[in-house]
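One chain comes next, on its own, written as structure tokens: the form predicted alone.
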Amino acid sequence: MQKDLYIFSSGTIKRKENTIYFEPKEGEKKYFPIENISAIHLFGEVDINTKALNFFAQNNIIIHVYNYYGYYSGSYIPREKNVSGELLVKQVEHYLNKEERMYLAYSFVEGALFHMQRNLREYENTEEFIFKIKQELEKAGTCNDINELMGCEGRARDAYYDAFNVILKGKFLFEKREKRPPKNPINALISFGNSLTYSAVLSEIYKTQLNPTISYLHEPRERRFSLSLDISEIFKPLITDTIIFKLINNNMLKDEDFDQDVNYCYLSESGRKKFIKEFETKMDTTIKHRKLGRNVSYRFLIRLECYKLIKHLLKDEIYKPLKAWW
């Protein structure tokens, strides 16, 4: 079974025949069979030579790079093999057609707000926040442009985050969402978790014929894969936030899991490892799929969302965002 490989140490990745190995600056070499790797996440300072990069490209392995603070910086994506000129044209047509774009953009917001409400229903005294999100979802259905729609999504998310202090136990408080830089542990967890979800979505998009730079809710811009941002909206409450609730409410995080100062707060290496352990457990969790009639993992649910979008673009089936039924 293929798994994502996470490297926290500094060192060098090299190829040896039909496998790769990681040689840390201190310690022994570790070998990894290429057939067992789905994607690689680099958190340390790692050198890779072209021989190894060619090997990864031959095996369609994406490498995600994170900065010193553990946040997504970029990806090495092998030359696309799953290309489709027809699908690319359809993606662009749906972006340029206002009505088609608004439908898809609203669908991503609908899926995100559904999962926010679903999370809150698991906890007491969250009714007022659920009501506010419901109101914004109703307004979103009447929006005439993307800016209005983003406004509804933003207000709904503010209400959702306001509920975190009702949900979360212990000493960690959440005042407001701050990204650059995050200034308290909850913001650090949200930013780190969203980075992982974003890279997981990008990995699944790469396995399809979708072009990750053409999006509908987020504006396509240079130097970013905005379709990954669109699809991530549906999954962030379902994956990132439920992990945060578990880590905090079960006292799984300590002070040493954060690197804090007056103006910033980031997860330390121990904190990142704890989060990634829960992230991988969540991604491997399976659910009986009602339509397919078999168990599928959270990771494959992301791929299915890509396939549903492709069917919509090709006019085979109208896209409906995932709404968790379990």
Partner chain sequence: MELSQELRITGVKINYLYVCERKLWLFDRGVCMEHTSDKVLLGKLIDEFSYPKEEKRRILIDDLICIDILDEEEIREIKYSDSLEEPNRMQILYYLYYLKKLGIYKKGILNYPKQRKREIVELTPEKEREVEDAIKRVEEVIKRETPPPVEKKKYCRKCAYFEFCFVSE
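Treat the numbers as computed from the prediction; the structure is a model and nothing was measured. Positions refer to the first chain, counted from 1.
There is another form of this protein, the form predicted together with its partner chain, and it is not shown here; the text below is about that form.
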Next item on the list: Counting only non-hydrogen atoms, choose the one of 158-166, 118-126, 172-180, 83-91 that falls within 4.5 Å of its partner chain in the predicted bound form.
Entry: 83-91
Next item on the list: Establish, in the predicted bound form, whether 266, 275 and 280 all lie within 4.5 Å of its partner chain, using non-hydrogen atoms for the distance.
Entry: no
Next item on the list: Mark residue 310 yes when one of its heavy atoms lies within 4.5 Å of a heavy atom of its partner chain in the predicted bound form, and no otherwise.
Entry: yes
Note to self: When the contact criterion is heavy atoms within 4.5 Å, does residue 132 count as touching its partner chain in the predicted bound form?
What the structure shows: no
Note to self: Does any part of residue 33 reach within 4.5 Å of its partner chain in the predicted bound form? Heavy atoms only, please.
What the structure shows: no
Margin query: With a cut-off of 4.5 Å between heavy atoms, is residue 51 one of the residues that contacts its partner chain in the predicted bound form?
Written below: no
Margin query: Residue by residue through 13-27, which ones have a non-hydrogen atom no more than 4.5 angstroms from its partner chain in the predicted bound form?
Written below: none
